[in-house]
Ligand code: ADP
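Starting off, we have a lone chain in the form predicted alone, written out as structure tokens.
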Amino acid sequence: MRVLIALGGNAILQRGQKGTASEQRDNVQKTVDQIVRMIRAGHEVVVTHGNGPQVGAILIQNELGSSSVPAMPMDICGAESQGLIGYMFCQSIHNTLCAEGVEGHEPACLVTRVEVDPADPAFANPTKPVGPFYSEEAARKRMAATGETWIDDAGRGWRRVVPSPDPKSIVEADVINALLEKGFTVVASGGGGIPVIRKGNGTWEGVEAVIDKDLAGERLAAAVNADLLVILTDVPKVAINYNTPDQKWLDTLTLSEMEELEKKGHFKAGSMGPKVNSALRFVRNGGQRAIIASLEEALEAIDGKKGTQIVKN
């Protein structure tokens, strides 16, 4: 089967780690071990991933170095993060395939643009915190000078917030499909992709925004006609009444059953909500099956033995 693997941030950087290159390489290797298991089982794999800590670090580096070199806008910072993470995945996938004697399936990382609608309501209501923390005084000076939006982030300091528009399409879809047809293992649309809008003359323009990586993963899955969307995270399954005495792990549910639970507000916007929304969109739009599972149980989840499975009615 053609499987779209959407990786959470823990696949690259664990909680409490500093984010050194060696830490991230080690985490990527553990993830790649699971990806190569899928390839050896006969699956065609497309990989997408988060980039929150990495693009955050790039934004901080831009801020600290801005007195010496010009800071880059968010779309370029997103492209940088796609390149550095994609490089780590390609290096690790190639080396692991080589070590295990698996021929073909060579990795290719594609810096990917994702189309958003300039009329998306998100542009009028920025909500996604990005970059370093500042004092209220410094934040208000930035707002006055640049027109940016900054908020008090849970008492930890002030942070800039940017829009998080809904993804419409994968700009490089044809290129990705061409690579897949040639047998490559493609890493694409990292961090939700670089948000771009189409101008009236048909050209593209990058915008200051962040696309949810799980929703962009669903768009990528649809673009490559994936049989399965597999969202890997740091919990074994989706739960209702999470972290309460009434917590219940979910096994296999139909689309309508999961939609009903979503309507009841079981899945919060800051945690499982986007993952469930992405999974529901995939099945609703014709996907065979969507899975939310832990990284360590990925292959077993594909086989239907682990994770939360969302199937058609």
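Numbering starts at 1 and runs along the sequence shown. Nothing here was measured: the structure is a model prediction, and the numbers come from that model.
Unshown form predicted in complex with the ligand; subsequent notes refer to it.
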*Can you work out whether the ligand is within 4.5 angstroms of a heavy atom in all three of D214, W249 and M272 in the model of the complex?*
yes
*Can you pick the one in W158, F184, F123, Y242 that has a heavy atom within 4.5 Å of the ligand in the model of the complex?*
Y242
*Have a look at T233, S81, S92, T112 for me and say which one sits with a heavy atom within 4.5 Å of the ligand in the model of the complex.*
T233
*Can you pick the stretch from 264 to 272, 54 to 62, 281 to 289, 34 to 42 whose heavy atoms fall within 4.5 Å of the ligand in the model of the complex?*
264 to 272
*Heavy atom to heavy atom, is V238 within 4.5 Å of the ligand in the model of the complex?*
yes
*With the partner left out of view, is K18 within 4.5 angstroms of the ligand in the model of the complex by any non-hydrogen atom?*
no
